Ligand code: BGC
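The chain below stands alone, shown as structure tokens; this is the form predicted alone.
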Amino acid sequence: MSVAATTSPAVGTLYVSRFPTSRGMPRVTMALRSNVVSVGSILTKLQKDCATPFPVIRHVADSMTADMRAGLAVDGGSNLKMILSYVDSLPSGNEKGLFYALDLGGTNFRALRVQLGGKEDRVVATEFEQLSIPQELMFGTSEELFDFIASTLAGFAEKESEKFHLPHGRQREIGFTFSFPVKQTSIDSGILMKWTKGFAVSGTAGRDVVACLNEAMERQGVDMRVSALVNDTVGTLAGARYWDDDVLVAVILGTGTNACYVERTDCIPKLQGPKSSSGRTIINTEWGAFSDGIPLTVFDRDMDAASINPGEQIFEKTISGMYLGEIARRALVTMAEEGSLFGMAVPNKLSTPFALRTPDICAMQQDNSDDLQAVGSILHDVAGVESSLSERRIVLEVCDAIVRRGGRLAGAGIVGILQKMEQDSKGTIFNKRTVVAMDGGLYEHYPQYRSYLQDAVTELLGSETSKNIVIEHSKDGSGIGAALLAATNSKYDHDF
């Protein structure tokens, strides 16, 4: 027996779902007006609270610009730390030799090696190895985390193939991509300010992370040295710039988020001492901490209050991959509890924090089938939910509201950076080709998010100006970029 339902159940209507329970029998549900209205009102309020019309994204872009200026004027001048990277020259394409890169960018850790062949041969060969960071190390001690990294590096180095050549008498040099807020003190040293992205490792805050890695490599018997400490966005910018001279901004949208850009040194009041000969440097904005004018829902506030860093990283918590699925899950739990969205009981799996991940809501949004079968399968497998077609449609509405907000806010942030550069350069950014290099799984794999981001940029800049702003995916650019910056900052003599 099967009754097709194409709309929400009518008041007091008894309907039989076409989706069987685990016992193979149809699930009978009584849908009452109060429940339907409750779910509908929760959804309407969510959509209203997530809304990002033009005035909202205009305010976010302008506030981003203002916070950038305040952060460049003095340390602590705004939520944006505007950290000096000490990267004063970008790769030219002439780099040669064997260089390593380590990338600790979130829940994954990667080791990479690259053989550079100069202008003609460019990247001759690369090899890499990727591992997930064990959950316990994200909450362990500094020694445990860095020993894991060093031992992984040792094993990777032992597998170096004959495609890679290190001149006799040279030590292997590493570009270390460390994607957490660091107060850089030189190109090869930096003090960890705090952990983000769900990490809470003890004994590292206030310490030089390069020293932590060097000590671990010594304990593990690894004969290498770090010649460049690089934020992942800085690495992405360097890697993309290696191939395209028009790259001026880099943005990471993955587990976490950040942005960096090429800044004029005469626009950095807090920069003391000798300035770079190039007159430019890369600024790491740490834009995840931005918070001015961001539209928030009750679900954002509850998630923030339950996080390890309440009140912090608000921009990151509304636009990055670690959090979008969790915001959706919280909204669905409230709909289930207050509106009986999935029947009278709330499944335990759905009530588990972070059970619904951003890749799950992304996969659901790609389902174009009439019965939304993939949505139903994901809700069943991930959240323990048996769902009707009308319930699946509501789930997609929830996901879309949260993802649209995230993409549009990210686009507004990019415009905030570009318009700051445009103002200082007196019109040399918007009237020529300017490339924003993007990396991170969220941007790469979530087409709706990408589309919403681009829409916001076009809306804010106008159709003509936005044609000059090329937002380009730069896959795995940060790893190659870190190796390139290790080359440009090598302790050995080089002619590139």
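Bear in mind that the values here come from a model prediction, so they are computed numbers and not experimental data. Residue numbers here begin at 1 and follow the sequence given.
Beyond the structure shown, there is the form predicted in complex with the ligand, which is absent from this document and is the topic of what follows.
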query	finding
Non-hydrogen atom within 4.5 angstroms of the ligand in the predicted bound form for each of Asp188, Asn214 and Asn489	no
Non-hydrogen atom contact Lys420 with the ligand in the predicted bound form at 4.5 angstroms	no
The ligand contact in the predicted bound form: Thr236, any heavy atom under 4.5 Å	no
Proximity of Leu341 to the ligand in the predicted bound form, heavy atoms at 4.5 Å	no
In the predicted bound form, Thr196 touching the ligand (heavy atom, 4.5 Å)	yes
Proximity to the ligand in the predicted bound form, single hit among Ile174, Leu80, Leu324, Ile252 (heavy atom within 4.5 Å)	Ile252
Residue (of Ser388, Gln115, Ser179, Thr297) lying close to the ligand in the predicted bound form, criterion heavy atoms within 4.5 Å	Ser179
Candidate stretches 121-129, 360-368, 69-77, 309-317, one within 4.5 Å of the ligand in the predicted bound form by heavy atom	309-317
Stretch 230-269: residues contacting the ligand in the predicted bound form, 4.5 Å heavy atom cut-off	Asn231, Asp232, Thr233, Ile252, Gly256, Thr257, Asn258
